[in-house]
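Read the single chain below, which is given as structure tokens and is the form predicted on its own.
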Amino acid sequence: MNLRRLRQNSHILDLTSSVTLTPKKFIQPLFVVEGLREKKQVAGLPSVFQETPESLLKQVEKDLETGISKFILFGVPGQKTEQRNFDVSFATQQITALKKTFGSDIWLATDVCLCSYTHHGHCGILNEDGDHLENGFSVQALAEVALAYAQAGADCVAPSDMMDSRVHAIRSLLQENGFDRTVLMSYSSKFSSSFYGPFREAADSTPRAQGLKDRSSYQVSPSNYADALRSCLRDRDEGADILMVKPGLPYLDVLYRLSQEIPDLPWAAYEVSGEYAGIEALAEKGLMNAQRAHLEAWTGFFRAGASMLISYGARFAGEWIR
């Protein structure tokens, strides 16, 4: 059997490929920070910045020129709180500004979480002893935040907290207030991972509680596929429109299995900051071609079952794919 006939040049490789990359399938994360005087590069992530409100609009305009029109926004407030009522006005102002400026030219998702708003850096509201997240109070607050983002103009709300029943609460509140067209993209399979480092610097969301050192009590264990499956089935049944696996490369087997188990919904994969930064770090030392490595990793995500990809290099997808 001669298999190399179908490998001999770029034309036949294009024709026989089972995965075709396109920038239309990419989502670019954006960070906007209250009180920041000028945009600041995120450590380990070249060409990814903490933006000011002014630079945010300029960056999105630039991204549109490269063919990227889909974004996920992380708003970082200037003040943190321990209260159960969260002031998300800074984030909602940026959502409104983006949609007013670019309208339907962009699709804007907003991350829904409380980690950037709290002194302790966790994704919900802590109990008095500071060693456990109160699920009920957290879910109520998250639903209110999601509604505020939808009212500001977000096309999609994306809860990343991993509280129980937050998808149901968010979907119900959106429906009650007339936002039945708002897409809900759930971080349904979000693992307790070591690959989030650069992101936590960008979003100022490192866990700081004395009694609760990490997020392992509410994110999925890397060794527990069954828990990931249960979480995804629950979120599908509660009204999620899109399900997600995060991180990406260490969990391609999970993405493949879940997309086979739940084929009726589209799947997002999140190539997280540590994954992307790892390729960049190797390239900086001359040990890897960054562009080729990113393209290889992206191909793996789509081959494993992703319908869309959140990547810090999304803004380069058009150029690199060409």
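Residue numbers here begin at 1 and follow the sequence given. Fair warning: this is a prediction, and the values are worked out from it, not measured in the lab.
Same protein, other form: the form predicted in complex with a small molecule, not shown, and the subject of what follows.
For the options Val139, Cys113, Met185, Leu133, the one in contact with the small molecule in the model of the complex, meaning a heavy atom within 4.5 Å, is Cys113. Here is the short version: of Leu258, Ile279, Leu30, Val272, the single residue with a heavy atom within 4.5 Å of the small molecule in the model of the complex is Val272.
Although the partner is absent from the chain shown here, none of Phe26, Trp107 and Trp267 has a heavy atom within 4.5 Å of the small molecule in the model of the complex. Only one of 78 to 86, 174 to 182, 149 to 157, 196 to 204 places residue heavy atoms within 4.5 angstroms of the small molecule in the model of the complex, namely 196 to 204. The shortest heavy atom separation between Lys246 and the small molecule in the model of the complex is within 4.5 Å. Within 4.5 Å of any heavy atom of the small molecule in the model of the complex lies no heavy atom of Trp298.
At the 4.5 Å threshold, heavy atoms of Lys190 reach the small molecule in the model of the complex. Contact annotation: Cys123 falls within 4.5 Å of the small molecule in the model of the complex, judged by heavy atom distances.
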